[in-house]
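The chain below stands alone and is given as structure tokens, in the form predicted alone.
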């Protein structure tokens, strides 16, 4: 109750947000935060390119191809960052940065609410189980107040203030709604869920299924693959202790639609549908692109192949085989 009351006061008086991660999504997320009259800071631990972008006079982001608001305050990543108090800390790093930021938050005893934009799942070899990002953070910092934000959001469209709808999940729905009030605008619309695990699972595995749908090469075939993908997503979400109905939310079907309609995963799927193997397509057409679906396949395949019935999720098994064995993908 104390945390909820403090967040309520934050919404009335103090709105100080730190975004960790200066890539396209983290930087685009600053736009509605600033438009909702928050004082927004952004930092970038790794990329010299984005550090240069965000610290420049015009704040031109080379990934978004847009000048960000001059109200956005860039801070060099250093331990001193965490000596300040924030009303919200937003994690917008790649999946590989989650362990890093988790250790940093623990080291500096951060007590601010945390909102995770990062999408992905991790496979714990020692425990032989799949964990979500929120579970990874809570494992290291049990008392951390973690919410996750997912949904069909292309960074370039958000940065240009195109209408965007996303979903915030927290086991305490009141906290999720208070965070939503802090960042929502007329063009940035928020829905809410208590199914944190389900939202994270859907937002991750849709990257694999968007490759599958992209392989269809025609509307007829792709629409059929879309329907079959949703059935498999329901099964996987249920098996991993998420709620089946979450697949029909913005984190599931909404995000899947955006990724399948246009994105790197769908683009790779198109090449696979043409008969290229993953390695040949990557080398020839997408050498400099990150394909999140492929990364996720390599991360969770050991668990999926051992724990799941191939007859229940045949599309997923075929995509895993195509990527791990570098075989042609066929339906």
Ligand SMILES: NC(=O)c1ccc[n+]([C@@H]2O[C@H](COP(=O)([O-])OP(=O)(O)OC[C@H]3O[C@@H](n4cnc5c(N)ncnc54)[C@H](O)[C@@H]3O)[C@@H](O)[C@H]2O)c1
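Because the structure is a prediction, the values reported are computed rather than measured. Numbering follows the first chain given and starts at 1.
Although not depicted, the form predicted together with the ligand is the subject of the following passage.
- Looking at residue 47, you'd find a heavy atom of it within 4.5 angstroms of the ligand in the model of the complex.
- At the 4.5 Å threshold, heavy atoms of residue 32 stay clear of the ligand in the model of the complex, well away from it.
- Of the heavy atoms in residue 237, none are within 4.5 Å of the ligand in the model of the complex.
- Residue contact check for residue 24: one or more of its heavy atoms lie within 4.5 Å of the ligand in the model of the complex.
- Out of the listed residues 135, 172, 185, 94, 94 is the one that sits within 4.5 Å of the ligand in the model of the complex by at least one heavy atom.
- The contact residue chosen from 246, 215, 229, 118 relative to the ligand in the model of the complex is 118, the criterion being a non-hydrogen atom within 4.5 angstroms.
- Residues within 4.5 angstroms of the ligand in the model of the complex, judged by any non-hydrogen atom, belong to 149-157 and to none of the other stretches in 149-157, 229-237, 69-77, 216-224.
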